[in-house]
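Quick heads-up: it's one chain on its own, the form predicted on its own, in structure tokens.
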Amino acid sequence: MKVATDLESRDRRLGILLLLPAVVLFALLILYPFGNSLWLSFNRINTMTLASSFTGLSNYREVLSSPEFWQSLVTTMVWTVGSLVLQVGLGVAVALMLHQNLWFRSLARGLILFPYLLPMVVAVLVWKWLFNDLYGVINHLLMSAGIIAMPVDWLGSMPNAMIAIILIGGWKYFPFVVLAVLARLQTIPEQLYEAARVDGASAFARFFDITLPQLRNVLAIIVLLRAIWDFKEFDLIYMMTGGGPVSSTETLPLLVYKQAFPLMQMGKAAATAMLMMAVMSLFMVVYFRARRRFEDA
């Protein structure tokens, strides 16, 4: 009995020892930055001397009373929803196509990863060239087809700029949806489709009665992850439009950057970041509650 107790105690200590590096990394990479940002949000920082003075909730009051914050929040929601709808719709459609028995399926499955693996800087440079209002290929093709008579300023006017970044975001990230959906499609029993064909079910009926219910859980996870990632997207929008024209594509991450660096308002930037995290946390709570209610039904 004593030997068994000693073995359990040794295993417990070994388990704690093995978890210790992960705990230390979590504290250094997550807890410390979060705690420091939270502390900054309650202080006003002199960026020249790094001296701080406690101001309580004044940073939060200034941010919440600023029309710029609410406009950036609306812009962030428009970008997130638009990009997410395009990613999921295009990703599911391409995954269904690649799941068919096509002769070029292996090659297509490899090439479909190209946008996702392409470095963001390279992708942005290519798309800025395509959308250029003077020598861009998109304007040239549209004018050659007679769709437009004059070049369109895609990145310098609204709503063209928002449409452009949503299209680029959908193109850049839809391969993630393709991979996740395709992996789930390959696990659906073929007997379900064979039975549906015997009963005379059409292709649309098979999709809505078999495929879509089987994809429900994986699509829920995809929507959650992509919504969080798109909500905090910075580099694509910053390099494409810089938040312009004026501030019509300025999302919350760009607002945090502007407050922290060009304006040197570290306290307000930290407060905006905390509010941004609160919004994402609210989305996650709503998602998990809805999913639990759906599973219990």
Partner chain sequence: MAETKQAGPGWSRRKVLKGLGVGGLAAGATIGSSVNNFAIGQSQRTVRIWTTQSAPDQVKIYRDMISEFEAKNPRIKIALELVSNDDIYPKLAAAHAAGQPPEICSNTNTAVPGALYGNKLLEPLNDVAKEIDFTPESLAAFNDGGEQFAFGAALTVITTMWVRTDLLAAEGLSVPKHWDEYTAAIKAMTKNGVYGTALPYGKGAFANRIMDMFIRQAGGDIVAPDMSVVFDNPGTHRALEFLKEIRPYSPPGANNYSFGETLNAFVTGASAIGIYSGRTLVNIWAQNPGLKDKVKAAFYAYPRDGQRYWCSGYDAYFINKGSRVNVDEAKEFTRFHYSPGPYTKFVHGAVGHNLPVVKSVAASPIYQDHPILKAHQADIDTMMAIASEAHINIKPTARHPFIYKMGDIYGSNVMAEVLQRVVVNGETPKAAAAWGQDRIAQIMKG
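All figures in this text were calculated on a predicted structure; none of them were measured in a lab. Numbering follows the first chain given and starts at 1.
Keep in mind that the form predicted together with its partner chain is missing from the display, and what follows is about it.
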Out of Phe114, Trp103, Phe204, Tyr135, which one falls within 4.5 Å of its partner chain in the predicted bound form, going by heavy atoms? Tyr135
Which listed residue (Ser65, Asn36, Ser53, Thr49) meets the criterion of a heavy atom within 4.5 Å of its partner chain in the predicted bound form? Thr49
Residue-level question: is Asp230 within 4.5 Å of its partner chain in the predicted bound form, judged on heavy atoms? no
Considering non-hydrogen atoms and a 4.5 Å limit, does its partner chain approach Tyr238 in the predicted bound form? yes
Would you classify Val246 as touching its partner chain in the predicted bound form, given a 4.5 Å non-hydrogen atom cut-off? yes
Wondering, does Asp209 line up within 4.5 Å of its partner chain in the predicted bound form on heavy atoms? no
Partner contact check in the predicted bound form: of 146-154, 191-199, 212-220, 168-176, the stretch with a heavy atom within 4.5 Å of its partner chain is 146-154
Need the contact residues for 262-285: heavy atom within 4.5 Å of its partner chain in the predicted bound form, sequence order, or none if there are none. Pro262, Leu263, Met264
